[in-house]
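Have a look below at one chain only, the form predicted on its own, in structure tokens format.
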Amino acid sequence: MTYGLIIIGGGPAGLSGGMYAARLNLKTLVLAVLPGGLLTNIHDIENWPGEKSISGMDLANNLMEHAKTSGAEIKFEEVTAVEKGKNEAGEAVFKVKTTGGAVYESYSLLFATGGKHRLLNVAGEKEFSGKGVSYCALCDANFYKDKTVLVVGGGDAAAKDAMVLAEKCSKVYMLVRSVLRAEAANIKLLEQNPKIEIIYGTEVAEIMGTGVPSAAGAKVALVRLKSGRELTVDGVFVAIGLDPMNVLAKDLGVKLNDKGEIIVDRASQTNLAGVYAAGDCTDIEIKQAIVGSSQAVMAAFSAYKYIRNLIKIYEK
């Protein structure tokens, strides 16, 4: 069987694309490692149309159910390779291989592979990862009740992390290298919260702790800043952005920019015919769920038009 569209990635972009492609009557397969992607780490989302406030997990579940009921097939498999080939009918297709040994064929592809958390790359970060250094405030906030923590970053993700942590912690430092880049509404909430102290104009120099990092019981205790100031904290939450996960796309020949992001046009088309991209893996300026979802809808419609033209060619 040859699918009309295979979507690699199960975040908001992948699931939105799956829903819309299925509604266009394309035989659609969504391959996802984690349903919802990084969306599941977000505490409250307040910029999704029609929802004044919804948790990332609830939104992810809603998107997945919508995609399924629309007719998209969802499989939880990791993609290992994508290459061009031909199906049994001799038609040009893309062959998508997964860790389970399966090979799926499709006339078109949508990369919605998202990104991975960017690291500080400072002394102590790796050693104390999971022992006070975290990349998910929603996941780990409960471990820091009535404690003091540091959030590193100046964007919306960092702002939301700081507010989530302030619900549990007694004190939240927020370290901003230059200026806050969060939405105005989020900046206002930060500035109004008495538990949150914003420190501008410096960076983390070193993360230190008690005990041997490789041994049980080790934990973060101190952060030294490049300004020379030292902060006594129980945890460090890193929220400095994402690096796009585009190895599969690059290996296929998809053009990337100097940041490693997939270059797309207004129709979510890449440089390869029949190959589309949406979400955090692309060169779109605003990395938010709502933007990735809209890109994926454009990609689904573009794939529909592409396949419709292919059918005309094959029928000749």
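For every residue, the number given is its place in the sequence shown, counted from 1. A quick note: this is a predicted structure, and the numbers were derived from the prediction, not measured.
Heads up, the form predicted in complex with a further copy of the same chain isn't pictured, but that's what we're talking about next.
Student: Give a yes or no for K259: in the predicted complex, does one of its heavy atoms lie within 4.5 Å of a heavy atom belonging to a further copy of the same chain?
Tutor: K259: no contact with a further copy of the same chain in the predicted complex.
Student: Please run the contact check for T40 against a further copy of the same chain in the predicted complex: heavy atoms, 4.5 angstroms, yes or no?
Tutor: Close contact is absent here: in the predicted complex, T40 is far from a further copy of the same chain, nothing within 4.5 Å, heavy atoms only.
Student: So in the predicted complex, does any heavy atom of I307 sit within 4.5 Å of a further copy of the same chain?
Tutor: Flag for I307 set to no.
Student: Considering non-hydrogen atoms and a 4.5 Å limit, does a further copy of the same chain approach L242 in the predicted complex?
Tutor: L242: no contact with a further copy of the same chain in the predicted complex.
Student: Under a 4.5 angstroms heavy atom criterion, identify the one residue in I187, A102, M208, I199 near a further copy of the same chain in the predicted complex.
Tutor: None of the other options qualify; the answer is I187.
Student: Check, residue by residue, if N25, R266 and Q288 all come within 4.5 Å of a further copy of the same chain in the predicted complex, counting heavy atoms only.
Tutor: Answer is yes for this spot.
Student: Which among 178-186, 94-102, 147-155, 79-87 is in contact with a further copy of the same chain in the predicted complex, heavy atoms within 4.5 angstroms?
Tutor: The contacting stretch is 178-186.
Student: What residues, if any, in 61-87 have a non-hydrogen atom within 4.5 angstroms of a further copy of the same chain in the predicted complex?
Tutor: N62, L63, E65, H66, T69, in sequence order.
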